[in-house]
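Given next, in structure tokens, is a single chain: the form predicted alone.
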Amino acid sequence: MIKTNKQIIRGTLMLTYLLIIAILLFLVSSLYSFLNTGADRSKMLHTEVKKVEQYLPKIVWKDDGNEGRTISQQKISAVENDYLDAWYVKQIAYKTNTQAGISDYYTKNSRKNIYDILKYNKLNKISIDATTLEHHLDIEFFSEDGQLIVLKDSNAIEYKQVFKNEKLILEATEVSSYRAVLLLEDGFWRIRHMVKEASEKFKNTTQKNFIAFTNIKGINYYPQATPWNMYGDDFDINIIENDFKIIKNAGLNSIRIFVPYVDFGKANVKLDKLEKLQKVLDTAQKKGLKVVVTLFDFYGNYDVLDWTLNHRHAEKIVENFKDHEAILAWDIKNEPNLDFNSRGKENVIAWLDYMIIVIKSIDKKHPVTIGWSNTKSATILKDKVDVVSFHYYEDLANFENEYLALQEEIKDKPIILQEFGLSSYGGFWRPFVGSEKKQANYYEEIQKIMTKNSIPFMSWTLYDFDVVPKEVLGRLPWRTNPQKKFGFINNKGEKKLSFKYISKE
């Protein structure tokens, strides 16, 4: 019995010893790994700034040399990244009235002023939504020891909204010039001193672009098998080409297509998506169809700090296709007024206003429009767009009067009925409401009104669809099922009665 107890004690001691050795080896290896791993700057930051995904204002460098030692392109990139991140964390701080991240990009002396502003704003329930949209940078001095830079930031475009007690009290866009002193500390270019040297109100100098023709007889288009996912894995240009032939033979001369923001890669637009869009535009041109391209489909944020990403997205697409012969107009956004309640009317309109400026600064030939969901909203930004577009799904009996009232208010530019239609659905969720005959009667009547008043139009839509994604109208069957039956051609490929009235005579 005593011998057995000794063996148990000896075994326990051995296990304990092995466990202690294992723990010590783990701790030593962990320490060694830590000491031999380079510092991850994104994890050093309190805010873990990821500029590529969150903040991309337009940057223009002045390349005329600088006083002091020569600076490499790698160093310039590092200065640019840290300088822009400094702007970003300051904007986050002013928006949230918190200090997170400020110490990573501002030295002790320079962040005192920021902290004072944050303290004042928090006390007075003030918050600032702001972003910079463009910077023109020039390194005026780079010290011999490589630790100090004097940076000139000319014509920086700043947009801001000031809120007090969560109510907007000021909105402004300014063009300012700054001079900043940056110090290299712990691998960061931190702002030591920054002075605003000049500032003035931003002036929009974009020109008006006229639409190529106003005798628009068009249709909104998605392939039948891939609605709202036109550029996905099932993209087939042969199907699209055949559809364009149907559209052209029906007496139509234009189409409206949609570019989904997320699917195309947001700020980093995907090359393969651009190639597919190129094929669509080339095919439209081949078939003699003009194209209205609607941007930012399925986008609905409008947050000020999202603007620079949106601008890079639009910039890439518009720059790629601004000279394409098929382009008829750029449509900034589909039915943005539906986001007024959830995102704030002022935010949405401000986003649209500056997006017009961005696109017109790139494409100086094609007109810009906005696809408003009704006539009531169609007058918003009427002086900024080149073409006024509206949608109509309301009582047909009121259509002509509403159009004439809109025409009376907007006399100096074209007005397009960009979407309209009637579902032929008359199933369980809308019994006896819709039918192919009722749909045909609707199109026959509205075409008479449009012919009488010479109204340019783009109907919704060529095909019935088997599936409507939940992102479009949600999951409720009494909403999605009628949406499937707006087409002139049913899901068997047969022309419905309404097809006779797809175009004016």
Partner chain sequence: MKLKKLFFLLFFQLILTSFHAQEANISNAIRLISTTKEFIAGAKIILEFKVEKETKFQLYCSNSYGSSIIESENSGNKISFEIPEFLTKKRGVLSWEVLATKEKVSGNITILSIQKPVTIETYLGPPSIDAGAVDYTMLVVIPTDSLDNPIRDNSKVLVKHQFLKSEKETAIYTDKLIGYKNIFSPLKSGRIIISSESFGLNSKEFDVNVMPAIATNFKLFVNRNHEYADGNQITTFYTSVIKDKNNNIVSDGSFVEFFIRNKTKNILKTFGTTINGIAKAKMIHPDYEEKWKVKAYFIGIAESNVLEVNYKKVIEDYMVSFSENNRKIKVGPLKSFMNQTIPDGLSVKLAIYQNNILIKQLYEESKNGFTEFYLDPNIFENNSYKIITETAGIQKEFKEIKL
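Model, not experiment: these values are computed from the prediction. Numbering follows the first chain given and starts at 1.
The protein also exists as the form predicted in complex with the partner chain; that form is not presented, and the subsequent description refers to it.
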Practice problem: Indicate whether residue 226 is a 4.5 Å heavy atom neighbour of the partner chain in the predicted bound form. | Solution: no
Quiz item: Would residue 206 sit within 4.5 Å of the partner chain in the predicted bound form, counting heavy atoms only?
Solution: no
Quiz prompt | residue 162 within 4.5 Å of the partner chain in the predicted bound form, heavy atoms | solution = yes
Quiz item: Does the partner chain get within 4.5 angstroms of any non-hydrogen atom of residue 189 in the predicted bound form?
Solution: no
Practice problem: Please pick, from 143, 96, 278, 342, the one residue with any non-hydrogen atom lying within 4.5 angstroms of the partner chain in the predicted bound form. | Solution: 143
Quiz item: the partner chain isn't shown here, but in the predicted bound form which of 183, 133, 71, 246 has a heavy atom within 4.5 Å of it?
Solution: 183
Quiz prompt | Per-stretch contact check against the partner chain in the predicted bound form, the hit in 376-384, 207-215, 236-244, 175-183 (non-hydrogen atom, 4.5 angstroms) | solution = 175-183
Self-check item: Those residues of 112-127 which, in the predicted bound form, come within 4.5 Å of the partner chain by heavy atom
Solution: 113, 114, 116, 117, 120, 121, 126
